[in-house]
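Form predicted alone, single chain, as structure tokens, below.
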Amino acid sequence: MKRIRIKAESVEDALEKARKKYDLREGEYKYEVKDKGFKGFLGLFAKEAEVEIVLKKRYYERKVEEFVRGILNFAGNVSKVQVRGNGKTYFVYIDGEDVGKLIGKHGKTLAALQHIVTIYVNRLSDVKLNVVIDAGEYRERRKRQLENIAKEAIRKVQESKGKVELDPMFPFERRIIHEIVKKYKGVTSYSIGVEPYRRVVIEYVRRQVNTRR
């Protein structure tokens, strides 16, 4: 995900320099020798060695966990932090006695934490990475709530043949609503507004009469 070029007097010196600068541990990186270097003759014509280091998933998983734990030191009794990388997305699961405080009203505190961690991990990478944080299975419970909200809104739209505007939601919540609406015929959904007040509209779709003969 991130390629680092390091030069030093020898290959080992270059690796040690990289380990110290980027806080690398065994198994968190791989490297390729680009130039073995040359000590020269009596100090003349010397050339530095150069290695290219690629950071592995394990590096990002550890750095994300350490960063999250550092923040949670101020959040009360949060005993469990697990990080799992899958492609360009890192899933963080948090649990503990005070996890409710971390979630916040309507998940706003959790969303803010996710935003901060996403900024942090992308500073460590050359490619865009995503972070999804769940606490105390909040997202699963919220998903079930959203399913009920969507189904009730769809019912109203089908009966009234009009549209329903839902309350503002986070991006991941809007995606869930859109996916549910896709399963129903005669209705469609789209988002309006700007963050953080962006919301989903579910609307009745009238059948188009084919006028071609």
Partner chain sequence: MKALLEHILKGIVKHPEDVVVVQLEDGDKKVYEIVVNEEDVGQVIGKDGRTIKSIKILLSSLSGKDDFTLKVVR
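All values reported here derive from a predicted model rather than from experimental measurement. Rigid core here is just the name for the largest C-alpha set that superposes within 1.5 Å across the two forms. Numbering follows the first chain given and starts at 1.
One more form of this protein exists, namely the form predicted in complex with the partner chain; it is left out here, but the text below deals with it.
The stretch that touches the partner chain in the predicted complex, counting heavy atoms within 4.5 Å, is 94-102, out of 138-146, 94-102, 81-89, 125-133.
Heavy atoms of Gly27 never reach within 4.5 Å of the partner chain in the predicted complex, leaving it off the interface. The partner chain is not drawn, but in the predicted complex it has a heavy atom within 4.5 Å of Phe67. Heavy atoms of His106 never reach within 4.5 Å of the partner chain in the predicted complex, leaving it off the interface. Every member of the trio Phe74, His115 and Ile119 reaches the partner chain in the predicted complex with some non-hydrogen atom inside 4.5 Å. With a cut-off of 2 Å and the rigid core superposed, Phe172 has a Cα displacement that reaches or exceeds the cut-off between this form and the one not shown.
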